[in-house]
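To begin, one chain is listed below as structure tokens, in the form predicted on its own.
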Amino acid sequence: MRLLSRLSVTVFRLAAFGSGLLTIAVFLMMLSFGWPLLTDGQFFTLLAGEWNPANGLFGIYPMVVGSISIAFLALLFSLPVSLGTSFVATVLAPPPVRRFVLGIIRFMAGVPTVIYGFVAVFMLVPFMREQITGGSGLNILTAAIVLAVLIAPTMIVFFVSGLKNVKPEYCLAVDALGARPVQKLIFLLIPQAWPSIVSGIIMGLGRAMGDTLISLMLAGNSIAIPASVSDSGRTLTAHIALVIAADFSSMEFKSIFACGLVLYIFTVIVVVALRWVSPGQDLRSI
């Protein structure tokens, strides 16, 4: 038994060590391929420049703006719905309804991203084109709406986990005082669960920034800097997918590794933010 336990610990440690090495290797690969565009102080020029390969310009600023616009707009749409759903699934609804809502959320989390995009192309895009934004209907607003649906299960899982992990003795004390569910939610659960709520928001934003297919299918993929939510845009992830599909040997291809570096840095910021917001929270239980 001891031998088996030691062997298991060794295997798990090797797996963790291998995962760390793989992460470092991916970063070094992106840095190596993107180095020609990062030398001589070109990194900030690259971030602030426009994308015009015909004139030798490989700036990714339009894609950075597109990624940030779609991600934050999706978060703005998804946050109220996710909070409300988590409140219903933990406090405000009877137990059968809570189980049903959580089952739907788990099902949504398992639906492939391409299904959301495919349905939106045939249902949401025509509606946006004819009733709201005009044009092709493929724009930042359309992509953000669908992306809001996509990231909602991620945030709801975090919110529900935090609300359910409030100490039982606190909940019993509030119940003994005769507090109504809404009072219990406002004065006990939300103040106690705020680290999980903030963690869910951060993870939702990270999920929105890292998604490729929704923006590729619905945002319009324009390389111009969007002036409003009704304009088409292109995200960093969609840009990487499109350039990889087009060319393999030019500077245009090498520039996508600069996009990868930006996304990598954003991922690091997300992880650090999660650890800083909830240093004592066991994220494995979520």
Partner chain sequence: MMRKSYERFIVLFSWGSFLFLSAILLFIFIYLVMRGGGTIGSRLVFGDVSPLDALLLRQRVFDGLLPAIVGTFVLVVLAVGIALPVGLAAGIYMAEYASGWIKKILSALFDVLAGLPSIVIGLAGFSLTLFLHKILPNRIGPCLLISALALSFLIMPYVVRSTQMALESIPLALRHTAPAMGATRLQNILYVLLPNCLPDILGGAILAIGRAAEDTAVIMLTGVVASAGLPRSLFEQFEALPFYIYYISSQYANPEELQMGFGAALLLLVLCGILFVFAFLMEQLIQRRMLR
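Values in this document were obtained by computation on a predicted structure and should not be read as measured data. Positions refer to the first chain, counted from 1.
Another form exists, predicted together with the partner chain; not displayed. Remarks below refer to it.
> Which one, 165 to 173, 194 to 202, 67 to 75, 181 to 189, holds residues whose non-hydrogen atoms are within 4.5 Å of the partner chain in the predicted bound form?
Looking at the partner contacts, the answer comes out as 181 to 189.
> Does residue 177 reach the partner chain in the predicted bound form, with heavy atoms at most 4.5 Å apart?
Residue 177: no contact with the partner chain in the predicted bound form.
> Test of understanding: in the predicted bound form, would residue 34 fall inside 4.5 Å of the partner chain by heavy atoms?
Outside the cut-off, so no.
> Would you check, heavy atoms only and a 4.5 Å threshold, whether residue 244 touches the partner chain in the predicted bound form?
Answer yes; at least one heavy atom of residue 244 falls within 4.5 Å of the partner chain in the predicted bound form.
> Considering only heavy atoms, tell me if residue 152 and the partner chain come within 4.5 Å of each other in the predicted bound form.
Heavy-atom contact with the partner chain at 4.5 Å: present for residue 152.
> Mind listing which residues of 104 to 123 have a heavy atom within 4.5 Å of the partner chain in the predicted bound form?
Result: 104, 105, 106, 107, 108, 110, 111, 112, 113, 114, 115, 116, 118, 119, 121, 122, 123.
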